[in-house]
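Next up: a single chain in structure tokens, the form predicted on its own.
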Amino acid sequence: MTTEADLLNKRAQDNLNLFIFKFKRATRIFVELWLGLKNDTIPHEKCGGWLFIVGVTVYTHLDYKLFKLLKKEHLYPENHPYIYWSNVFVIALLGYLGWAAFRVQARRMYFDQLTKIFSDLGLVTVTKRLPAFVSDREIDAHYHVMTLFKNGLSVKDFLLVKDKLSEALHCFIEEIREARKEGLIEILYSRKDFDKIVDLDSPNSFPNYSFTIGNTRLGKQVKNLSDVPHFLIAGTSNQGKSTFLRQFITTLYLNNMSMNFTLIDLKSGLESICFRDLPRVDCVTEANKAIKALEKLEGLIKTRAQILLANNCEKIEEFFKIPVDQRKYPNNMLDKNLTRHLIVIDEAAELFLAGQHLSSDSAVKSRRIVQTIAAQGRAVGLHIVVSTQRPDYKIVDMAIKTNLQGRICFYMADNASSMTILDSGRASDLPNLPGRAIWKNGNEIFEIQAPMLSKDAANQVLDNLRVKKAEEAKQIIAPNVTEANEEVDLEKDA
């Protein structure tokens, strides 16, 4: 039973809550002004312009002339300096106070908008609680981070409505993640779309074993074979897969003069034609020859592993740091050409499935060798890229996919195809634009616009490096002992 004392306490509590609400509302402008100064988000050029106008007006006594013009000079507080300068101070701050008031109103409208969006998308708990807005912080010219109280919801709840939330907020949501502070969620978003074409301007200007996977809203994303040794690339026809491979191979070829390449292209050799007759490049266009080339490369794993073991190294980067005259080659090994080697298989279905080119046993063998190289090649400097137009589990099975951590998936027509490559449906949600793809490496996953390098542009930078096969056979390339910034005399190593 409610007593009179309870009613009085409730009334007092209501009055206190009302006072606190009104106080917060009255001081919100000053809080917004302080946040603007703290985060440096105030447009000083505009607010300061008003301050300048007020200063000029006071200095030239234009304010008094205005009073006189209105025949109100008797109201001008020239004999009350405290009142006068207090008025000047308040008027001078109107630019900043006006900006803060506008921000308060915009934020209030934003709160109302978010509340409606969360409610419409079903982001509400069984107790009817909605996520609570905490802050919206600008990271740079392109990205913001919105922080929310979860209020009983999970990241998974937000991820399920990510696309609809992005559409409702009129932005591009890059990531939804747990914040460091417990109970919070961070939404990384941008209002800037991608460039639809990204040209590869300088393919010969990348550091050792570096390359670009494309651009995000933050700019160019550069990776390195030491960190991402193997790739799986998938994409339907005319989506940019071949163009990506062209710029990827060209970049690594031009910037790493000791690196060797084996390009397996069983589609009549049309995609590898840019790299024909280049030293250090072996273009294979027949299935049986491709298997022989893979067997030879598989043998390199054992040979190189013995060399690393003799030098007490776990991976090739450690071997390159050893001075040339201190390197050991066991069992009288004379081949000192220990360099990184890139293997690219364009259209894996032609090599992994029995059919016109391969018997069932040959297809099984090629798959086994690729699995071995993907599992063991990183330490000895063998890198493999598997590319396919057919994202089928018979081609891209778990044994291969597990070791191909770097994945680039262009637009997919259905969710199942995207799941096969990325374990996610992200690629089926991409806009159907050539070059637009999803990059995934471990937990890292984001949208990219792959770089463009035309056949003519590739030929232009590669033509002066072409030699006849007879000359190529005579050429001996010294290993790239500059890896990890080690400067060693190449002549001693040749």
Ligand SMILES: Nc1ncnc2c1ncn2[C@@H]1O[C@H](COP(=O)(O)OP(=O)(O)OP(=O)(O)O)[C@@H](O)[C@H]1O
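What you see is a predicted model, and the numbers here were worked out from it, not measured in a lab. Numbers follow the displayed sequence, beginning with 1.
This protein has a second form, the form predicted together with the ligand, left out of what is shown; the following refers to that one.
- For the residues T250, N256, S272, T243, the 4.5 Å heavy atom test against the ligand in the model of the complex is passed only by T243.
- Only one of the listed residues (T236, T285, Q371, Q405) places a non-hydrogen atom within 4.5 angstroms of the ligand in the model of the complex, and that residue is T236.
- Note on the interface: of 448-456, 48-56, 423-431, 63-71, the segment with non-hydrogen atoms within 4.5 angstroms of the ligand in the model of the complex is 448-456.
- In the model of the complex, the ligand lies farther than 4.5 Å from every heavy atom of K289.
- Shown alone here, K267 lies within 4.5 Å of the ligand in the model of the complex, counting heavy atoms only.
- When the ligand is considered in the model of the complex, Q389 lines it closely, a heavy atom lying within 4.5 Å.
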